[in-house]
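Below you'll find only one chain, the form predicted alone, shown as structure tokens.
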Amino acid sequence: MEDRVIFHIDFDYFFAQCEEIRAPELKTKPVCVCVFSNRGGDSGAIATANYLARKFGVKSGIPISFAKKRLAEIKNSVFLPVDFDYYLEMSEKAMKIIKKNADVFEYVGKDEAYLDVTDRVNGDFNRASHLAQQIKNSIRDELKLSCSIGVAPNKLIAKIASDFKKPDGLTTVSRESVEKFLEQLKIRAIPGIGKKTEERLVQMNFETIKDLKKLDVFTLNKEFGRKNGTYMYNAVRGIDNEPVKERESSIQYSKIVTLKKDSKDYEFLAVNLAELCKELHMVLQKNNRMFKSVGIQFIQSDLTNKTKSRTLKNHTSSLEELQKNAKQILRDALEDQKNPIRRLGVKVSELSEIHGQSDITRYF
């Protein structure tokens, strides 16, 4: 294990917490932030729920109608539409605070980042814990946001540690305490181990990480495949040599819509895609941006996600180019499409400025 000190920072119930900051009276109520579809009524899904709502079984991804049934007897529960512009603005401010405390900053998502702070704290985990607390204090003082931080010798353990005392947690796992920390945990604590894998391991009488360490790599590979088996073998021993890689927030613009009907008909989808391109082009014009990469996104009838993209030879701001490329990607993507498509999206990335504008204040 290399001598690194890594932070994993994760914002607690991010969308719902942002709403609580904007309207503090929400803190005493179950709050559900929803992606409403354009099909009317309660069609759509929960994006994030606060901890009060989670006590009633409401969690990300479940249909809004299910969530309302689970909260039916709670008179003060609140269902709000997503406000991505606001959340991204909060995220950008928080990431600026985080980044200035890192030797290496790796953006993962709007509510998540890794930091390598090895040089900054001279490899000292006590100093690292103090720095993590300072970051938490700064974010709370400036933005009123809480976050959970895991401090550890590598990214894997840091991620597990950040989840250990949520919400508003700070867990430090020094090199000497890695084994003791991991062995107490359930197998599901390992990132990437889902419900089905956990159920299979329970059937095999393995419930904790300590239990799973009894399995040799050959048995794991045979049962779960070489890639997954090797990962699990290393993970339960706290082995992860992947460095924190410098990565800024992936600035892109996107638009997505719930279709009037589930479909995989090219003509129907192309009409909707053309309209999305027009809306996206207006955002590009407003922000004086050209693009070099075009992509489309399907959310299928079974709620699985599919994306496909292409990179152009040159940057462009042309609506015609955007529509032409998006439609060609759509045609290619539909060649092996089995499930009907429920939601359709278009995105552009690898952006550049048209008029030398350097401040991007809004992005998707």
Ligand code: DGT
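Residue positions are given as counts along the sequence shown, with the first one as 1. These figures come from a predicted structure and were not determined experimentally.
What follows is about the form predicted in complex with this ligand, which we do not show.
S.K.: Would N325 count as touching this ligand in the model of the complex under a 4.5 Å heavy atom rule?
M.R.: The answer is no: N325 has no heavy atom within 4.5 Å of this ligand.
S.K.: With the partner left out of view, is K68 within 4.5 angstroms of this ligand in the model of the complex by any non-hydrogen atom?
M.R.: Although this ligand is absent here, K68 would stay clear of it in the model of the complex, with no heavy atoms inside 4.5 Å.
S.K.: Is there any non-hydrogen atom of L334 lying within 4.5 Å of this ligand in the model of the complex?
M.R.: Contact with this ligand, no.
S.K.: Answer yes if any heavy atom of T307 is within 4.5 Å of a heavy atom of this ligand in the model of the complex; otherwise answer no.
M.R.: T307: no, not in contact with this ligand in the model of the complex.
S.K.: Quick check for you: of 47-55, 295-303, 22-30, 313-321, which stretch puts a non-hydrogen atom within 4.5 Å of this ligand in the model of the complex?
M.R.: It is 47-55 that comes within 4.5 Å of the partner.
S.K.: Pull the contact list for 144-169: residues with a heavy atom within 4.5 Å of this ligand in the model of the complex, in sequence order.
M.R.: Going through 144-169 in order - heavy atoms within 4.5 Å of this ligand in the model of the complex - there is one hit, K166.
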